[in-house]
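Let's start with one chain on its own, the form predicted alone, as structure tokens.
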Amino acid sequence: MKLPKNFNTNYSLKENNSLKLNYASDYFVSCNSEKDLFLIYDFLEEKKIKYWIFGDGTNVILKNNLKGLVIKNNLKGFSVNGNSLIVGAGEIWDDIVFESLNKNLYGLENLSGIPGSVGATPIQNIGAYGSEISNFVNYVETFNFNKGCFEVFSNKACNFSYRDSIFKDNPCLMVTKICLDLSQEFKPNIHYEALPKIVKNAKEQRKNILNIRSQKLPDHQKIPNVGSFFKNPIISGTQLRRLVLDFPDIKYYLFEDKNFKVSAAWLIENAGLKGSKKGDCGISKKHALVFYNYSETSDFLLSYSSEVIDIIKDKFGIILEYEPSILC
């Protein structure tokens, strides 16, 4: 059977996840072209093994060695069509934000500094500082490893919601490229409370965002982490009113359908857990949503985060959900 040139066995994944967890996969391949996609599909059809699709590994937690194939999405490409960007899934997301501003195309500046690759952005429906990628997606092109063919999803078909999309429930779909519709006029999104209310241009807005992120969030290349460890929980108005009676300073935002988004960072900090640690892992002193890990395994990280979930549930009656994917 013909295989892509960069095909490996018993491959360490330490440099392919931002937590630097030293687990291995039975097989590993970097997918660099459309031809590679079909070769990988043929391999999977013959072997009938489990597989995982990796981007930059900034939003995954490995639980153990992976018995199957890891496919590293390395599909490149960048082009401009009017006010639209068509971008390969293997490009680095923040590079695309930077390039969009150089092309005088606006909208992505509030998503500056988010680590990871382009392919992960629609899967997770990444968001920050009052903006989400779903605000800009025209379509997402994917390769279906169950069918061996390309499939294209419109914005509506992506079923975007808070940190979620149709792709999360369909791991057979590998994002190959996305099309983003941007604006040729800069309209600053300054609603988020931490942002300066007066801004001259998009590059200044990007600079402000990057400054805020650097002050609040540790660099995963220096301190192994996956960014926000938990989603901000969504609760009903009735539940919020009960919480406000006991915790009048609780931090929350109006969400949709009369529900409210509660700050997970506030919950963790007010439970006295910010800056705490267990073994080789802990919660950052900079930001209560960031868990760091200095071990080559995820044992302490997963056990301590489970303890945190129990503590928050007991104190506030809210169940936190992981934002990164846990792979095993």
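What you are looking at is a predicted structure, and each value in this text was computed from that prediction instead of being measured. Quick note: we count residues from 1 along the sequence shown, nothing fancier.
The form predicted in complex with a small molecule is left out here; the points below concern that form.
Undergrad: Of the options L105, C158, M174, V226, which one has a non-hydrogen atom that comes within 4.5 Å of the small molecule in the predicted complex?
TA: Checking each option against the small molecule in the predicted complex, the one that comes within 4.5 Å is V226.
Undergrad: Give me the residue from F136, F230, W93, F167 that has a heavy atom within 4.5 Å of the small molecule in the predicted complex.
TA: Looking at F136, F230, W93, F167 one by one, just F230 meets the 4.5 Å heavy-atom criterion.
Undergrad: Counting only non-hydrogen atoms and a 4.5 angstroms cut-off, does S263 reach the small molecule in the predicted complex?
TA: Contact check for S263: yes, within 4.5 Å of the small molecule in the predicted complex.
Undergrad: Does G127 make contact with the small molecule in the predicted complex, using a 4.5 Å heavy atom cut-off?
TA: Heavy-atom contact with the small molecule at 4.5 Å: present for G127.
Undergrad: Closest heavy atom of E193 to the small molecule in the predicted complex, within 4.5 Å or not?
TA: Yes - in the predicted complex, heavy atoms of E193 and the small molecule come within 4.5 Å of each other.
Undergrad: Taking any heavy atom pair closer than or equal to 4.5 Å as contact, tell me whether E269 reaches the small molecule in the predicted complex.
TA: Flag for E269 set to yes.
Undergrad: Choose from 212-220, 179-187, 235-243, 141-149 the stretch whose residues reach within 4.5 Å of the small molecule in the predicted complex, heavy atoms counted.
TA: Contact criterion met by 212-220 only.
Undergrad: Is it true that R163, H287 and E323, all three, sit within 4.5 Å of the small molecule in the predicted complex, judged by heavy atoms?
TA: The answer is yes; R163, H287 and E323 each reach the small molecule.
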